[in-house]
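As structure tokens, the next two blocks hold two forms of the same chain, structure 1 and structure 2.
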Structure 1
Amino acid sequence: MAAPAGWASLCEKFRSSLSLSNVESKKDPENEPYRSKYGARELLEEIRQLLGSEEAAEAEGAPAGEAAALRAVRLAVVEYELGVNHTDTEELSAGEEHLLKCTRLLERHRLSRDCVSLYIQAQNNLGILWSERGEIKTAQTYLESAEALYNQYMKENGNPPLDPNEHFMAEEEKLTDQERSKRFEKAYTHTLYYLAQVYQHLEMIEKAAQYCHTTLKRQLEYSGYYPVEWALNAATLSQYYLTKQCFMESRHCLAAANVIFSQAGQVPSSEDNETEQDQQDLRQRKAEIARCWIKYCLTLLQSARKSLEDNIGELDPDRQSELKAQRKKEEDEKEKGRKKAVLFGTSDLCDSILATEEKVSCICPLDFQEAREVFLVGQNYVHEAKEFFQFDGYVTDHIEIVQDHSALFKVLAFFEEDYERRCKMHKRRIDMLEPMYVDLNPQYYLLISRQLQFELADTYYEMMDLKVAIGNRLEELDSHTRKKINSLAQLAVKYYELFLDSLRNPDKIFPEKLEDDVLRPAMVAKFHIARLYGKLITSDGKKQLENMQTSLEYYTFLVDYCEKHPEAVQAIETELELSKEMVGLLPTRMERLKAKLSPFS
């Protein structure tokens, strides 16, 4: 074993290597990005030589007593640092070799207080290394082994283990048990964090979400997190809970994201040119969290609509009354539900998160007033997200946000009983979507252009249906309502036709067989155009006959297409059934109209 003076020198070399790796390396010039890392490596190689070879340590390890075992652990620390160093400089094979040497040196004593933290950290790094190689299953093996070792140690021992760096510290410099515990728990949190990513890669989504939630919880508990990164991860996790209709958990994640993001400080003003990129990044992250809130509000409203609508898509009053009565019974269960959610943070943090949660419900709204409250929260986040994701520079993101805004109006309209007010909500959708469509170049944004064409057509179609319903309540249809119905029907036809034209080949020929992703939209467009021509109001008999003929052609297209392509039937069963019915009825109606018109022709 080295003399006291020699040992102090060795410890100083080790401290210098850590300083070069963790502090000085951040200042390295762009043309020499690893200068400090290479300097640290030289020092580590010197320490390894002074300690003696791995083989010598292994030979002495078991029987030769405590001194040899201690040297083996110190060598393992050096091998670990060399492994991380080579991995950082993108030399993965050398990195793996050193990390494996580290685990071999510790294998016999991996459950001891001296070794367990280092062994887990070595396995974590081997897991990361194999992930970077794309070998996710191998990474999973190392990380799950690290997890199992932590659990076994905590069960059998539980005392705060030594931090690897303590093996190169004088006795008076050693860490307190509290600090040891904090560092050990941080290493285990890293294990869970990497496992969450591995499970996501392996499409074990539920397990990935569970590990992500535990990681976030532990990061808060042990204060080991960057606020912006933590907030983004929590907001992303909220979207998983949305897919499972777990609105309480989703809202909790988003509320926590808001609270933790605020720890990053207020978004700075653009006066400070030195941190312009940092400001830009901060604004973008804030806008990304806002988009997650928009999805939360939209999904909550859409889920409510699904539970309340009847077989023709209207609000079912009986179902509404039933759900309201059921909700009243469940009020007492509310607290139990709260306890089932995995809460983040200490009591102070929890209070801030709960205060944020109270701004929006996690229970499906059952009437217009409740739906409007959720809608307004979603709309506020739309404005926040659009501040960063502007049309000029973020075309796709901006359009997606506006489409979500339109979807919020659409689902709110479902709860509105007054047809005129409902119509005005759909008009708001037109006003936000149409200018974007006009400014969009379909050559570069074909998919988005199609989405907008179809949504505009659907919105005009819905408005036309509402105006027809309003007209049906009148004793006599006035000329203004008649003109409005015709105008809306023609605009719906225009956008459906634009959508269908976008499917044509360069020679303007409509495809004989439609791709799966456009099959249903194309067939629905054809079906709706057929119906729209049937809704056009005219006193001109010849024009009425022409409209009926056009309507018949579109209905016939659906029937003929499904006869040629039977696999398409499943996608449009309802539309096909009605089309067959109309193909049977329309010729007779047309004959009657012709007979009625013939004496005057």
Structure 2
Amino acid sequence: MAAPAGWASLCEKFRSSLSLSNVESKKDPENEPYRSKYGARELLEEIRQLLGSEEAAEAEGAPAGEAAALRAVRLAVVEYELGVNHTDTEELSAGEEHLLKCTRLLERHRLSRDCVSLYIQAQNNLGILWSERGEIKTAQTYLESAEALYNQYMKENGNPPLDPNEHFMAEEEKLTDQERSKRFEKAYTHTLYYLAQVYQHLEMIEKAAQYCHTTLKRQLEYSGYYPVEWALNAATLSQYYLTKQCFMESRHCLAAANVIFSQAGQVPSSEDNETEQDQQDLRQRKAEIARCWIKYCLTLLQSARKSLEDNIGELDPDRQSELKAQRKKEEDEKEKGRKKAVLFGTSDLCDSILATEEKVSCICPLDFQEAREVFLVGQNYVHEAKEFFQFDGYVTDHIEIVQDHSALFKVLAFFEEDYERRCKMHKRRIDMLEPMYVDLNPQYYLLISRQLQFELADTYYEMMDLKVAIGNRLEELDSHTRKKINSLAQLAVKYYELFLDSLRNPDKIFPEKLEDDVLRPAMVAKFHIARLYGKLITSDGKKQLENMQTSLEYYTFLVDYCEKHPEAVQAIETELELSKEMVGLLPTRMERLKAKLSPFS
């Protein structure tokens, strides 16, 4: 063992190496990027020399007592640092060797307070090393074994273990148990965080999400986070849960995002001269979280619609009462178990998060009243998001938000029984979409422009359908309703035609062959136009005949196109089948009409 004076200088050397490696290296010039790392490496090599050779340590290891064990741990620390150093300087093989030496030295004592933290960190680094080599599976093995070791240690021992650097500290410098625990937990958080990445690369998405969630959770528990970043990550994770229809988890993430984000507002920035840019960024991030909430409300409503609709897309009352009865039985017993697993934060924080959750349900709404509540929350977030993402300046984002707003209205309309009120909701959609569409230059926003055309057309169509349904309930169709129906149908046709025109090439010619991404919409547009011409009400027989003729032409287009391009069939199978039938039947109907028109001549 080194003399006390020698020991002190050894510790000093170790400290210098750490500072070179972690602090100085950031200031290295571009043409010598690893200068400080190389410096640190030299110091570490010296320390290793002084500690005596590894072989000696191992040879003595078994019989000798504490002194040897202590030396072995110290050597392991140095090997670990050398391993990290080599990895950092892109000498992976050497890095691996050192890290393996480190774990070999610790193997027998890896569950001891002295060794466990270092052992986990060594395995973390082996995981990183292998992932850099592209061998994700090997990385996974190391990281999972680190995870297992943590769990075993916490189960069998649980005392705050020593931080590796403490092995080169004088007694009086040693860390408090609190600090030890903090560092140990941080190392383990890293393990989980690396595992999240490993699982993502291995496309084990569910596992990756679970580890991301746990990482976020642990960041809160051990206060290792930036509020804005954390909130944004939680909000993003909520979107993952949405794709899995896990609304309870999704809402929890969002509520936590709101609560944590508000901390960022309260804590004044470390620099006093908070720039306008920072303020702007903060507002943008708040709006981003609002947009995640919008998607939450929208997805919840859409999922409810899906479970409630009958085979023609209308609310099925039987299904409704069935689900209502079912809901009473279940009550969230099942959810409580799941909830425990995902709960963020402790005590106070948790309370605020749960209070935020109260504001919106995470259970699918089953009637208009419930749907309306979710809708209103979504709508509030629409307003909040639009405050930042204004049309002028954030065209694409703004439109996306308005499209969501429109979708919220659309799904709410599903729950509305009254056709007149339902129609008004669709009118609201038109009123928000149409002005944006008019202002948009299709040269720069072609695809968005098309989306709007299509949605406007669909919405007018929907309104027309509703007016027809309303008209059918009347004893006779009054001229006002008839006019309304015709004008709505014509507007729907107009927007479908605008969409189809946008597909024309610069010489205004409709493409011979449609691109994959527009094939189905284009066909559907043609199909709907055909239908709409069949819907136009006129008392003029000639006009009616003309409309039927136009209708026939559009149906024929579909049939002919699919004959010419058989690969298109699968995209529009049902519409094609119907079109074929109509192409077969319409001429007969037209004949009849013709006969009716001139039966007496």
Partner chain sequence: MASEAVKVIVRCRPMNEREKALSCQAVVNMDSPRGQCFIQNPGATDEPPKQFTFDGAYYESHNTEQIYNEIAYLLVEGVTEGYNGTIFAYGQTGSGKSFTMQGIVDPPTQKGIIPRAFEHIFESVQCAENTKFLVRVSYLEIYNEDIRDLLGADTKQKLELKEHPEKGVYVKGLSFNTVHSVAQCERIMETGWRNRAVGYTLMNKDSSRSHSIFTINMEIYAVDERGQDHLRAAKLNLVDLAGSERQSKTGATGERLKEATKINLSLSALGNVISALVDGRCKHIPYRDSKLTRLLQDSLGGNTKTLMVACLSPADNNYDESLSTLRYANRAKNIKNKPRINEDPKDALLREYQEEIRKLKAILAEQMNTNNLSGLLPAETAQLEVKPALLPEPQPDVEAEKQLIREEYEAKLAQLKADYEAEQESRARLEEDINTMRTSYDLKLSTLEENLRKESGVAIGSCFAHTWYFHRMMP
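What we label the rigid core is the largest C-alpha set whose atoms superpose within 1.5 Å from one form to the other. The first residue in the sequence of structure 1 is number 1, and each one after it adds one. As the structure is a computational prediction, the values presented were derived from the model and not from experiment.
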### Which of the two shown is the form predicted on its own
1
### Task
Could you name the item of A139, L301, S579, T215 at the hinge, where fit switches from one rigid part to the other between structures 1 and 2?
T215
### Summary
Turn angle in degrees for the lesser rigid part against the greater between structures 1 and 2 comes out at 24
### Query
How much does the C-alpha of E171 move between structures 1 and 2, in Å, when the core is lined up?
4.1
### Query
Following alignment on the rigid core, what Cα displacement (Å) is computed for M204 between structures 1 and 2?
4.0
### Query
If the rigid core is lined up, how many Å does the C-alpha atom of K101 shift between structures 1 and 2?
11.8
